[in-house]
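Look below for two forms of one protein chain, each set out as structure tokens: first structure 1, then structure 2.
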Structure 1
Amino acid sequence: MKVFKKLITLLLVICLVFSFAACNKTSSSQLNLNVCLSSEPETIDPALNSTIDAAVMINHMFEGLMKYKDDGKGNATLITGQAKSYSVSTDGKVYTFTLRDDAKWSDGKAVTAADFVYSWQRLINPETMANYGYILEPVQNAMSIMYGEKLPEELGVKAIDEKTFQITLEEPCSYFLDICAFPATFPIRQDIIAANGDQWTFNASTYIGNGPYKMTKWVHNSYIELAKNENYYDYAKLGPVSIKFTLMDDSNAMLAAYNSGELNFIQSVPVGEIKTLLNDKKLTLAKSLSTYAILFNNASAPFDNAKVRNAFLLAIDRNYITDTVLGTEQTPASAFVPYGIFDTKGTKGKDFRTVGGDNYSVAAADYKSNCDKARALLKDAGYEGGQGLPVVEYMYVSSSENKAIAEALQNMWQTELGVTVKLVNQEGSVYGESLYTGAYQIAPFYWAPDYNDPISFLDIWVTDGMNNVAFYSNAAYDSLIQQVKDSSKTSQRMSLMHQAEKILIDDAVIAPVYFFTQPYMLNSDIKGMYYSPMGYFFFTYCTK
């Protein structure tokens, strides 16, 4: 009897151990990921969005013809998405995509070629007022439609049948597949838009996507919560049970939430904590293809004067900002296009920035002479020693990084140029509106490329360009950019783009400050996140 009791006891212990182990295994695989990218997005309509943070969210709830996949090393590489295959005509002008048979919307309806036709026509339609409508510029008739000369229905896209979407380009485009993975080109549902109008994005019940996750809840100014999309073709391999995008703009609060375990991922930390976090190996610095610059409102005095703009450009101590203010291994920017950008995707030639060199000196030893030139320019403009120049307003969006840079710039311009600079802090959603309506004088500008080609940095500054928030206009510049787009020869494109960038900097349309690194913090027990140096983080297949 005692032996029997011992056996029973031993069996119970074994069962409890296995039960406990099973619970631990289940809890570790049932990952509920909580990440923080930024505050409340201005929009999560794929066609209307123009920010990286919202694009990351959209990438989890929608999918284009192409998508980004982990290359096994945490880097994003381009593969087919909603398309199972595609072909390209011998002249490089016609792309024919065959959609997946199992491509579905989150409500179970099939994704069709007609969905893409509607979405692309909506994007290019001037009435949509999409800042990224021009992303379809390579497509036949796109520009004529944007200028109101043709109807959206005349765009070079058509549904051959339910699962075949065909696109005709004006000329061959080396980066066109990258465009097919860009969020603005993702499909959306015509019936949803027709029934709900602009309000379709605000409610989980009407925010119907075709991506790996679906919105389940949006508590505005607090969080957006996602769950696995059971109708997604790769559902069985998806990672987190849920992804919660917590909406915050205070980096101190973000770090505190991360340290307490409330957040699993953040990409913004207080400037004063950077050195310690790097030394403790808690902060990761990823490669980025982005540039941080200062915008001048070229259409408004006193920054309608190129001499004034150039004076402000030269008086920036970029080394002080990168080394002392920030300290996250950024590179002082001596032009607008950063290192790592090539003429065409896959080109084995030299880096665009390496070939182009410096448009002005960023050497610490040359800062004094730069300031001497700046003061001379300001004098030539009629504002010697800053006299007569009205108080200049510098607008920036809330973050410890932007605030620290703003204060440093304020001091530099006041000390070296004798001007009075007033700092104005705005919320993210208001800030974007101010830029696009021209309700600012100077403001920071962050630009990540839409694809790896210099033209993605340069074509935004053409006259009346949808993202030309500097309100710059120069016929010679416009002509060069058009020649780039009309040319298929790599060497010719490179030469033309270098000429265009030189005009951009000579005119001081913007003042580049530094080339980015992308800092982030991710819990060490979470695996499978991958990243594109164009600024996209992917949490789709994360595990714990």
Structure 2
Amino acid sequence: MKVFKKLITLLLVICLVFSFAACNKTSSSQLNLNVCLSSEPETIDPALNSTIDAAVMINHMFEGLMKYKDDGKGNATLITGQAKSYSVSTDGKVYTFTLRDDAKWSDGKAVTAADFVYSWQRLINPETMANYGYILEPVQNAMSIMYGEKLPEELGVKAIDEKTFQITLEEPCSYFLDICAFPATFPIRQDIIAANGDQWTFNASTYIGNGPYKMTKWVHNSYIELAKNENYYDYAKLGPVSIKFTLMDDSNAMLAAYNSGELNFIQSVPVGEIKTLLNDKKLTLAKSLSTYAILFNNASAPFDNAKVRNAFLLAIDRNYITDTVLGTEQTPASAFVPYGIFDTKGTKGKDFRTVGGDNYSVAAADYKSNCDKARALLKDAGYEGGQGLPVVEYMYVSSSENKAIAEALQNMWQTELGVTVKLVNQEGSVYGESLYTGAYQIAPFYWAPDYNDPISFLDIWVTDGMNNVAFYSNAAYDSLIQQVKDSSKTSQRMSLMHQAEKILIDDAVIAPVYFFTQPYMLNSDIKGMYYSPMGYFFFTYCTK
């Protein structure tokens, strides 16, 4: 009998042990996440990348001085990453970062200040040919290095000791910490690049990062697979065992794979399915910080006349475009800087758009009066009822969305203003050239900011600005933007930027149409994903 009791006890203990083991199995540590962002990335070199989708991947495999963490509600907030602390000099021009003692590369080597010095110099070096070199603009000498006037070694960065990285800025910069979390500024390894040149990103063994995950496999055009980086300082808390970025380009196929359970996350769905998916509450619409606007070629007739531009701006029925043409809860744009971009009080106060208010009414009820104003403006400009205005060309890149918007705009302008609008569609790479050489009259344009500050939207339009494809030139505007850049007081900066934005819209340099939303679908049983309205999704701490 005693033996029997012992046996029962033993059996119970075994059961207990196994049930714990079973618990472990179903817990988060077993999640293998399969995510589809888009097709094969052009590059996953942090410095050379210029797409948001690849930035999401890079965010999982590298980490900058600063990083984003979940605020508990799925929103990304900025905290220190590879740095454990930082200090800013009283004049706001010198940032000193102290790196974490346990900051390591995925091959176990320590992350040093010298790694940052190398990476930042590489980013700004024109020979690296990085599209995003200008992100370092606030750093001392950055622009002159970019234009080949100074050497990369003259960049205002230095390694004080192995763990102390110091940056000197040209002027104080209120969004500099955001830049320190921007993927192009992430550290990369000099020895790896020296040994492998531009081929280092293609092989898991040479793609050494310092982020929470590391690449284990890249099957081109199929998937990029990531596993936890055991050398990451927060290794114990990481979520999915593996993250697989499946590379696809057909949105019908993405939705099919999501519905069949092969994918856990997708961010583009066929346009025709949006309404059904929204009704079924399967599709989520996140905030986005991007604006869709119409560009006018300010340098050539008839759009060199602000009255004509204003007439075109006012005759757009923005509600029709957001509700009927698109239908994914975009906000009609009453100015260029979207909701969610910070004003004086950052995350705590009203945002820049709310403070700035509407530059023209976007209420559906006011559309009629807007059109009356538009007709009056056109009459003032000498084109009453569209008479005398030559046929205007609207140029766009052929995508189903762009086309639908183009047709809606054509109809609005023709019926309300009496002008004749011809639609011309172009291929993406030709379109880029047409914009930058000014070979267009009207064209759509969308802008996603690189950091959360209105200046990212406003400094575009300075005379001869790199991306000033409207060819706008206004000395008063230029001077305001210069004052913003020279100013270190947030309240003063913001007030100057409100003035600048008002000029921009009063002059109708561009006609803002709507503020984007970011659709995505994620399995409802997966928790812990967080998102930055900059377009970055973070799967690092996802659990099931």
Partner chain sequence: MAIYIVKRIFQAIIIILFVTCITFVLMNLIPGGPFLSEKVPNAEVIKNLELKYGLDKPVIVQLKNYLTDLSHGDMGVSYKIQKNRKVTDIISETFPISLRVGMIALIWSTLAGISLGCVSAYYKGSRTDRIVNFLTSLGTAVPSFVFATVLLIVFCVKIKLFPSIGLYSVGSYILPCFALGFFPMCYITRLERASMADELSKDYIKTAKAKGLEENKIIFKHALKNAIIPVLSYLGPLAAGILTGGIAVESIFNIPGLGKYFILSITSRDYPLIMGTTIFFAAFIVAMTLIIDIVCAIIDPRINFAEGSKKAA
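Residues are numbered by position in structure 1's sequence, first residue being 1. Here the rigid core means the biggest group of C-alpha atoms that line up within 1.5 Å when the two forms are laid on top of each other. Everything numeric in this text was worked out from a predicted model, so none of it was measured.
Between the two isolated copies of the chain, the form predicted on its own corresponds to structure 1. Remark: with the core as the superposition reference, the CA shift of residue 324 between structure 1 and structure 2 reaches 2 Å or more.
Comparing the forms between structure 1 and structure 2, the C-alpha position of residue 244 differs by less than 2 angstroms, with the core used for superposition. Treated as two rigid bodies, the chain shows a rotation of the smaller part against the larger of 26° between structure 1 and structure 2, based on C-alpha superposition. Superposed on the core, the two forms differ at residue 408, whose C-alpha moves 7.5 Å between structure 1 and structure 2. Taking the core as reference, the Cα of residue 514 moves 3.4 angstrom between structure 1 and structure 2.
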